[in-house]
Each structure stands twice: as structure tokens, then as C-alpha cells.
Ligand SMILES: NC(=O)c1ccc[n+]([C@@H]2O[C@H](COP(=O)([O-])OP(=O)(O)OC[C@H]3O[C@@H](n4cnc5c(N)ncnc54)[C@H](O)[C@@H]3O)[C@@H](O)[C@H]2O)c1
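Encoded as C-alpha cells, the following chain is the form predicted alone, with no partner shown.
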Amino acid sequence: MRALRFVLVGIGARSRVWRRVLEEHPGCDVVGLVETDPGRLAGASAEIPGAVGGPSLEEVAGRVDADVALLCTPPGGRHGQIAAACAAGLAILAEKPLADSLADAEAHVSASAVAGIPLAVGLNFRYLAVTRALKMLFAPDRLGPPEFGRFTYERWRDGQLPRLNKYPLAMPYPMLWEQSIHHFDLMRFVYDAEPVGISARTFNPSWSMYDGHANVAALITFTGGIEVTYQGTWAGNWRTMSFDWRTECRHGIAVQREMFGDLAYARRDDPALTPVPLPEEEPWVDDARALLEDFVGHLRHGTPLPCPGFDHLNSLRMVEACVRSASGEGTVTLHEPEG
């Protein structure tokens, strides 16, 4: 069976991980490169001999036989890339978020559905070992169903670092669209629930390097009556990051104290937390490998598409609800409550 042929669209910070993961996968080849910066394109072309390079997906797709367009581009302005992929019959794997507005994301999902091609979003945090282990703690014979939680993420994200994408510096709501989208998706995935209503505030401290609001505070209600208090910032004024996700369940609590690990649990009368053993993994890489494996499985064997675009829309609706609420709409209703 021949390898799946990928066109890598965007040779920026995130593409480095995907290039490594694709090169290591025996069933994948990079056959095309799309980049508007001539210097970046020349550098990547020298490292991947034989790959067809060009400034647009439309041009490259017309010059090479391919199966997949992997979009490592900023979320804004992807209409042309989605259209080109659909016209060429290329499956799409796109870095999150799919777009920088809900309306554009809905248009992308609709376009791929009309073209009959799969569209997946790179929500790699679902594939972290700690995420899978946390979800398992909510089984009826363990902690039982979650009822409320507190999620805090406090970080000084230096957006000027060479290894980071620069476009978030000018986004209106960078924390929401680039980071909280991961957290909202994790809540939906781990709790197996959909948002019912959101009340939010956003703001920017005086020292923030971001043009848009880098701070978010939200009260979120999910189906099943789950209530979550959320606080996230990219402008925390200490370089040491703080991550703390505590979930209160029927029989006890689950606590995740690091973004990539440190998971523990306790029942109500336990004198101390019990750590949950987790396998060794390389963050950003092993989770991307697992996501790619599921994506390849879908294309090869018809297994479920990982992180499909239509599901991603529900996480983006949470982001948009926060923006609307913070703009003066109060509590924004999403899914209707159960019962």
C-alpha cells in the first residue's frame, strides 16, 4: 500500500512538529510545500528533496498528486486553502482553531461536506496520556460523574519568541481563540458534555504585549448540570506557568496540576491524594503522532475521523459565546439544558 501523500501548507512554528511526525510515519510522505515567504519555502524545499513547492495550495495541488492538505497556517483567511483542497479532493487536517470566527469555521465545514472530503482539526490535547487517564476517572466504579470544577491556566506567554507564531499578538482575543479553545475542547471531551450557557469577562493588563484581551474569566454550565469556573491568561506576570484543573465528582475529586501530567484523585475521606501513574511521553510530539495515526486510520480503513470539523464547531461556539458575553450580552445560551 502506497504512502499517503501530504501537502504541508504553512512553514511556520507548528509545522516543525508535523514535519517530524510525518517523516517518522512509514505510511506518510510530504510531497508538497506551500509558503508565501520565499526564504522559508527555499529552506524547507532543501530539507525535503522532491517536494513540490509554491506560494498557494491551488498551484501546488495542480502540480503534484496528493491525498491530504495539512494546514499549519494562521486561522484567519483560510477560505482559499479550503476551497483549493476541496477542488483537488484533498482530505484536510487543520491546526486549531479552524478559523478566527465561528461563521468562517461553519463555512469551512460546510464546504468540505459538500465536497465529500473529511476535515479534521488538530486538537492534539485530547491525545495526551493525562487527558485519557482523567476521563477514565469519571467511570461509575471510580469517582463517578463530575458535577462541578475549577480550571485555571496562568502563563506569561512571550509572543516574541522565535519558536512561537506571531499572529496572536494582533488578534482581538488571543487567549480565547488560541489557548482557551484547547481548554474548552478538553472540558467537552473529558466530561462528555456540551455547554449550556456561558457568562464571561475579558480584559488586558497594562503590561500585556498582546493587542487584544489576553485574560478570560468565565462561568460555564454544561449538560448534566456540570458547573465550571474558568480563568485563563497569557499575561500572568510570572514566567512560571500555573495549571490547575480540579473536578468534584460524586465520590471524590480529580486534580490535574500540570498541563502534561501530575494527575491525582481522592475520595472524600482520603487523607491524601493518590497519584495516577502516567506513561513517559514527549509533549506536542507523541500526541501529534496519535492524532495522525487516527487520521491515517480513517483514510485507510474507515475508522472514525478524529476531531471532526463539525464537532470542533461546538468548542468554537464556546469561544464566541465568551466574546458575546464579555461584549455585554450577559449569559449566552448554547445547548438547551437536559430535561
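Predicted, not measured: the structure shown is a model, and the values here were computed from it. Start at 1 and count along the sequence shown; that's the residue number.
The same protein also has a form predicted in complex with the ligand, omitted here; what follows describes it.
The ligand is not shown here, and in the model of the complex it never comes within 4.5 Å of any heavy atom of Leu134. Contact check for Arg300: every heavy atom lies farther than 4.5 Å from the ligand in the model of the complex. Contact check for Phe125: a non-hydrogen atom falls within 4.5 Å of the ligand in the model of the complex. Using a 4.5 angstroms limit between non-hydrogen atoms, Glu95 touches the ligand in the model of the complex. Heavy atoms within 4.5 Å of the ligand in the model of the complex are found in one stretch of 195-203, 72-80, 264-272, 211-219, which is 72-80. Taken together, the three residues Glu154, Arg188 and Gly236 all stay farther than 4.5 Å from the ligand in the model of the complex, as judged by their closest heavy atom. Within 4.5 angstroms of the ligand in the model of the complex, the stretch 303-322 places no non-hydrogen atom at all.
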